[in-house]
Ligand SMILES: O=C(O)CCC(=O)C(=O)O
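The chain below stands alone and is given in structure tokens; this is the form predicted on its own.
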Amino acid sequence: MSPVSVDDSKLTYLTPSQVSKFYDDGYLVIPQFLDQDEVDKLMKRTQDLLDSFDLEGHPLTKFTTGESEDESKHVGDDYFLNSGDKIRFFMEEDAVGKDGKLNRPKNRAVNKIGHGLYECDAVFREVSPHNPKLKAVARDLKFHKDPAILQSMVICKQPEIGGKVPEHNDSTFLYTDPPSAIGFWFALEACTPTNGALSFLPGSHKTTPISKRFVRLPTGGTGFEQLQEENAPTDDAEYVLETCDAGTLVLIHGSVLHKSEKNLSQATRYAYTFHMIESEPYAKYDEKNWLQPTQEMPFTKLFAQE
């Protein structure tokens, strides 16, 4: 998607230079989007969820962004596929031993909490979709005509085991025709070079097509459907590491390449994130996508929450 001309008089939150930077680089870092009180509320609620969830009967579903057949099998189970309208807990790969049991306390074993936080939990609902600053940013970007929110989650990036996330773009996992995903990523803690801060390849959204999509397989489970030949992996030296403080919002174009390294520190790196896509008739979100709306919880129209 390309930006419309920027009219300074019509912007209510972003500056013209911020809008231009987003469209030029494919991402935008906005410090202090959340104030300390908002961050504290989200952190407390995250800790409450981690402390209170019940391990009894939990399938210990692990989550990884690995793209081999073996690595993607575990995210194809029902616990994962039916999580879009629920609050569910997914484990770090290294937190589950060969005996199939957790090798550390549960609140230090969770990779992420997802995927229906934005509707199922009142604290997270105040950030999305009911935050007026969020609506102002969406209007200023003019990236969507009728944005819909989906896939909300806390990513924990646990100390010493928080997994590396390889080079990817988000529209692979939330595919629309034409591609329309944009990520809203909120740092809840300081993101540093040692705990897994995000890195971006500026401008790659202009040169990197969506070459595959993550889908529900007809035979069950999930896998990748190839759309066209993939580009060769990018040299690490071309990436820009974006460290940031708690409260920072990072806007992520659905086609921009980004990644994060393993958390090698003793600190967590909590972040809250959700995505927006364009609604029909402007873009088609089909039944192949792993994440599906339900009758009880359709994707939330941002501007309907007025």
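So that there is no doubt, residue numbering starts at 1 and follows the sequence shown. This structure is a prediction, so every number in the text was calculated from the model and none was measured.
Here the subject shifts to the form predicted together with the ligand, a form of this protein not shown in this document.
Within this chain, Val96 is remote from the site of the ligand in the model of the complex, having no heavy atom within 4.5 Å.
When the ligand is considered in the model of the complex, Leu81 lies well away from it, no heavy atom lying within 4.5 Å. The ligand in the model of the complex is approached by His168, whose closest heavy atom lies within 4.5 angstroms of it. At least one heavy atom of Trp185 is located within 4.5 Å of the ligand in the model of the complex. In the model of the complex, every residue of the candidate spot (His258, Arg269 and His275) has a heavy atom lying within 4.5 Å of the ligand. None of 225 to 233, 137 to 145, 207 to 215, 168 to 176 except one has non-hydrogen atoms within 4.5 angstroms of the ligand in the model of the complex; the exception is 168 to 176.
Listed residues Ala109, Leu198, Leu150, Ile113 were compared with the ligand in the model of the complex; Leu198 is the one with a heavy atom within 4.5 Å.
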